[in-house]
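The chain below stands alone, shown as structure tokens; this is the form predicted on its own.
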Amino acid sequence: MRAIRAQMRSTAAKELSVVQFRTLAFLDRNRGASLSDVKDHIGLTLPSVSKLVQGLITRGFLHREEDPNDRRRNALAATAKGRKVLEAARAVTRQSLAERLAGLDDEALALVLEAMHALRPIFLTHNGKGKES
């Protein structure tokens, strides 16, 4: 996972810092999350997250909507531009991973696939709370 994350961050590094990339990826996976949700995920203070998110909104990577159920709460989500940056990073990362695995024989690849299937349910949740990480 460390190699995959590093590859994704390096691909997006031309446009985004690591914390901006993490914020964008989190909000792409958790559409409608609040500033507090981002704060909890990223580990920054609320004022810092507010400034970070505003910068991503200004640059067109995120958009903010008023929550229809609670006017005091804003719902955040990645824009088409933000999703495009994420998808480009993911595509380069998939290619890099494919190149790394290309040297394995069929038996080794089958073992990797079997291990991934066994590990998926374990790592699908974040902190055991049922949210995808």
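Quick caveat, the model's predicted, so the values are computed rather than measured. Heads up: residue numbers just count along the shown sequence, starting at 1.
A second form of this protein, the form predicted together with the DNA, is not displayed here; the remarks below concern that form.
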Considering non-hydrogen atoms and a 4.5 Å limit, does the DNA approach Met116 in the predicted bound form? no
The DNA contact at Thr79 in the predicted bound form, heavy atom, 4.5 Å: no
The DNA contact at Leu97 in the predicted bound form, heavy atom, 4.5 Å: no
Is Leu101 close enough to touch the DNA in the predicted bound form, meaning at least one heavy atom pair within 4.5 Å? no
Could you list the residues in 73 to 93 that come within 4.5 Å of the DNA in the predicted bound form, counting only heavy atoms and keeping sequence order? Arg73, Asn74
